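Heads up, the chain below is alone and in the form predicted alone; it's given as structure tokens.
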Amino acid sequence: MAAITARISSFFGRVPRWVYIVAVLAFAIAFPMLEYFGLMQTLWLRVGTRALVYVLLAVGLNLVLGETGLLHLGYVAFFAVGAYTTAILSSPRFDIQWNFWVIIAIAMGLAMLFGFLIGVPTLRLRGDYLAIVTLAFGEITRMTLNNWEGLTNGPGGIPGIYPPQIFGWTVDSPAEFFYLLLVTVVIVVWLLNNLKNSRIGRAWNALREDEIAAHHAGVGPTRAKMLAVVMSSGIAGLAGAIFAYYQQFINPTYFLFMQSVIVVSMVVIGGMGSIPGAILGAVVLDTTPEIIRQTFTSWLPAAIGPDFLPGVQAAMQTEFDRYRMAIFGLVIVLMVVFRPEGLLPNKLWRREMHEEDPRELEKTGQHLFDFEEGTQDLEV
């Protein structure tokens, strides 16, 4: 079995990278057409559109968590800033409808400003301390949105968000939002990939591996971390703005702490430090619950019979959200046990997970001596 797996891995490893990119883009472009020709339910188009929003969030968080090694648990706050900026500036709430490009720029700018403000006092912290502070920031943001009724309408949310108009084109259908998000994802991923392979990207990786060594090598830790946090916040603000346009309604329940946990899980499962891994992790974790639901409520009953596990079908239809987090937990446990580096890991992470450290090998190969007699007793 191991030999077969190795052969398959070797075969796919010889395929040029551009082939995979072209295949994924071709499938993504053709995906909404399946619904148009009646080959797919509209439900799956909506799932795909939501997955692209999570892709933006995952590749943005990957800058902080995967590239720089900072555990940020308040990432959903920047997502909320972008969404509420759009809702306030393009809805009947204050009877205004600003230009799409202006709103996108303001949403990203405000999210980046919040990222900078939270980064100034916190980026000198590390590990659990940073995670706790950013978690608190996310909850403070949500509670502020929930209580500032004069601006956000509190728990009632902001309905009736106007659809965006781009060069005279009104985006108001799931397929059109899918293509808008797809173009946005392609542009963001292209920019991040170039940045990852630049001097800045290597500085982030150096900080992740050993901050002290990176500092003595000439990398400014605070400045490099701040750049990662600010850019990551801007991407989250962009995702929030398009998400608000797509939903046409938002309220604070969209921005719970669990959303940050889900995005962190997407980055970890996909492969920390890997842009393709973050994309795959977002798609897998967002679509898997719906695939499981449809399997037990539609596909299996259609293939075997309507009386197939009726109790399970009822639970999947009415109480599936109770089991969703259990599925997330199970997937994460299985990934940590069987593939700790992620689905599409960064090459460096893969080597760290599967190769022995030469320094450790040297230590275990040292000779042990009996100091009293001065003779060698054992070789390890």
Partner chain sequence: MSPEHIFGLTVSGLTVGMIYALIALGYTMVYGVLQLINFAHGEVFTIGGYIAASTLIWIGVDATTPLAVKVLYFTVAVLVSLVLTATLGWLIERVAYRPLRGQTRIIALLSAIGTSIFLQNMIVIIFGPQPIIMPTAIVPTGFVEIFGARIRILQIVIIVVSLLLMGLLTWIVKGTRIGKAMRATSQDREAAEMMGIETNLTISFTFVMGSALAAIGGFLVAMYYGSLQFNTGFLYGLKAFTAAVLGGIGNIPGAVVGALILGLAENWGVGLSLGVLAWLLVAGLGLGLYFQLVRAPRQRISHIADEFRTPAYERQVRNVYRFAPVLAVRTLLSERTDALVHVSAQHALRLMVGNIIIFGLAIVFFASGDMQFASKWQHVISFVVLMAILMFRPSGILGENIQEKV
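Numbering follows the first chain given and starts at 1. Remember, predicted model here, so these are calculated numbers, not experimental data.
There is also a form predicted in complex with the partner chain; it is not shown, and the following applies to it.
- Within 4.5 Å of the partner chain in the predicted complex, a heavy atom is found for not a single one of 23, 187 and 223.
- This chain lacks the partner; the member of 73, 112, 207, 280 within 4.5 angstroms of the partner chain in the predicted complex by a non-hydrogen atom is 73.
- Only one of the listed residues (261, 182, 106, 230) places a non-hydrogen atom within 4.5 angstroms of the partner chain in the predicted complex, and that residue is 261.
- The partner is not drawn, yet in the predicted complex one stretch among 296-304, 137-145, 197-205, 169-177 has residues with heavy atoms inside 4.5 Å of the partner chain: 137-145.
- When the partner chain is considered in the predicted complex, residue 101 lies well away from it, no heavy atom lying within 4.5 Å.
- Within 4.5 Å of any heavy atom of the partner chain in the predicted complex lies no heavy atom of residue 344.
- Residue contact with the partner chain in the predicted complex: residue 191 places no heavy atom within 4.5 Å of it.
- Taking the partner from elsewhere, residue 257 is found to have a heavy atom lying within 4.5 Å of the partner chain in the predicted complex.
- Contacts between stretch 92-123 and the partner chain, counted in the predicted complex as any heavy atom lying within 4.5 Å, involve 117, 118, 120, 121, 122, listed in sequence order.
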